[in-house]
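Quick heads-up: it's one chain on its own, the form predicted on its own, in structure tokens.
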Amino acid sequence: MPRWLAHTIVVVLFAALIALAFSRVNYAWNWAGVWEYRQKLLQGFGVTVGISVAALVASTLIGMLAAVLLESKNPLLEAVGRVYVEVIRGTPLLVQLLIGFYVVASAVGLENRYVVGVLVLALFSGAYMAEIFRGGLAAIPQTQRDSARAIGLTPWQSFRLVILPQAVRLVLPAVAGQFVSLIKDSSLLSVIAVSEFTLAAQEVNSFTYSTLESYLPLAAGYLLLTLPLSAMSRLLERRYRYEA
């Protein structure tokens, strides 16, 4: 059976089960009321897209830097990277957002809640990305590095041509998963009053008292953001498969 057909069958069955469940619920739908606030939902979706893209780029850069610190031979630099990773991974994002905005940002005079939200999200995801990158590099056997040196490659050429392509292939699934988590974690920015998608859905719900009609578009919107990332990850995995 072709993969596309198998996927189609599973999606259709899943959709049928969800539709059956909804059909058995005695619920008076109010899509007309929610439709009046469609502009608010679209604006919230746009804010979520912008925040997510900025946080994805920043978290990747932070993760690379932290991975370098974790692998540093300097004990002080290694300690900086390790403390950062453990503190961020060991505390809830919700608490980090509250402290980041109401304490740290206030102390330095940063009042833009959107900038603070992106920075906190990037720092949070960057800690996980650091371990992903570090693990990917550590998984490359030492024989690969030795072989690169044996054929006369410089350390930078060895890293760029031999180590990095293999590491990219290894970390792609985990990186894609972290990106998906980051996009969904952006919903917590509503606690610092960032007008993103989740806060827009909450406001529409409070205006219309139509909970399902307010939050179902939210789920669909996040799927529109996360499914392309997963698909792109699979494409890149196939692209780098020959490097193994």
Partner chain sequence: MNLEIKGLVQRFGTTTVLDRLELRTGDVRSLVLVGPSGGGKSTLLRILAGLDVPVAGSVVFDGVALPRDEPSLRAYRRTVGTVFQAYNLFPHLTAMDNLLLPLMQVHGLSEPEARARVREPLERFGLANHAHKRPAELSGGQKQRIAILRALVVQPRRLFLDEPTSALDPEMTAEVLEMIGELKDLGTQFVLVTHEMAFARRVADLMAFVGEGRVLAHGPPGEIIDRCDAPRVRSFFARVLP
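Throughout, rigid core stands for the largest set of C-alpha atoms superposing within 1.5 Å between the two forms. Positions refer to the first chain, counted from 1. These numbers were taken from a predicted model, which means no experiment stands behind them.
One more form of this protein, predicted in complex with its partner chain, exists but is not displayed; see below.
Heavy atoms within 4.5 Å of its partner chain in the model of the complex are found in exactly one of 114 to 122, 73 to 81, 149 to 157, 95 to 103, that being 149 to 157.
In the model of the complex, every residue of the candidate spot (Thr143, Gln166 and Arg169) has a heavy atom lying within 4.5 Å of its partner chain.
Although the partner is absent here, Val87 sits far enough away that none of its heavy atoms falls within 4.5 Å of its partner chain in the model of the complex.
A residue is said to contact a partner when one of its heavy atoms sits within 4.5 Å of a partner heavy atom; Leu137 fails this definition for its partner chain in the model of the complex, lying far away. Not displayed here, its partner chain is kept clear of Leu110 by more than 4.5 Å at the level of heavy atoms in the model of the complex. Put simply, Val162 is close to its partner chain in the model of the complex: some heavy atom of it is within 4.5 Å. Once you line up the core between this form and the one not shown, the Cα of Leu119 stays within less than 2 Å of where it was.
Relative to the superposed rigid core, the position of the CA of Ser72 differs between this form and the one not shown by less than 2 Å.
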